[in-house]
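Presented as structure tokens, the chain that follows is alone, the form predicted alone.
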Amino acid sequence: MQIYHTISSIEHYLHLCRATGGTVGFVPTMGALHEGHISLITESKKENHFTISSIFVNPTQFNNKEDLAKYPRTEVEDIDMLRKAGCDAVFIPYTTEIYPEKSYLIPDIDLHGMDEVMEGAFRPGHFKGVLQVVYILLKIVEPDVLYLGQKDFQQQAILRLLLDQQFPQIRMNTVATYRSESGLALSSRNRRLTVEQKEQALAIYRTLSEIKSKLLLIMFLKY
């Protein structure tokens, strides 16, 4: 697996990939990888000739500086996981590569207010930071397919608007949420939860699962 830290080096590698006529799948991450991320790599490898991942803890999507400081950083372990999964290359850019003194011009994306509800209502500016970094990464990598997990539903919907408005040539593939044996969705931030907090978090999944089961039963009895 190739490791790149600069835009020029990853662009040179991608130029060689495209010269073969192969397609490129892209899995952007903020590191602290788990099996959910690896499932995206696996899906990309099924569909493309080359699979590229990125690791970048994006400062602009953290409205709380303490959250940014506490975000888990496990680069050595992450690289090992990607290598074992068969990822072809990983882009681990320096912050100055993504946010140079002369910043990229980020176009206005009409989000239809989608960034102001649900999670966005409690984390002002978060999704604009997500859009900013994903826009930059897509301009650099120019993949054929972008792979995202279904777990981050609101983020997924917002990034679909980004693709529709700025990158219509890129297809989005959303992969099913990867869960632990208990049913809790795997998440980089969940590493910070205590055993008790993880059990509390499971209440949401269990409640929704029960509602789903009852609705299916009602539909079955009805018809």
Ligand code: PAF
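From 1 onward, residues are counted along the sequence shown. Please read all numbers here as calculations on a predicted model, not as lab measurements.
Heads up, the form predicted in complex with pantoate isn't pictured, but that's what we're talking about next.
Exactly one listed residue, out of Glu142, Glu77, Asp152, Glu119, brings a non-hydrogen atom to within 4.5 Å of pantoate in the predicted bound form: Asp152. This chain appears without its partner; in the predicted bound form, the one residue of Ile109, Val134, Ile92, Ala85 with a heavy atom within 4.5 Å of pantoate is Val134. None of 57-65, 191-199, 171-179, 42-50 except one has non-hydrogen atoms within 4.5 angstroms of pantoate in the predicted bound form; the exception is 57-65. Contact annotation: Thr29 falls within 4.5 Å of pantoate in the predicted bound form, judged by heavy atom distances. In the predicted bound form, pantoate lies farther than 4.5 Å from every heavy atom of Met81. In the predicted bound form, Val130 approaches pantoate with a heavy atom inside 4.5 Å.
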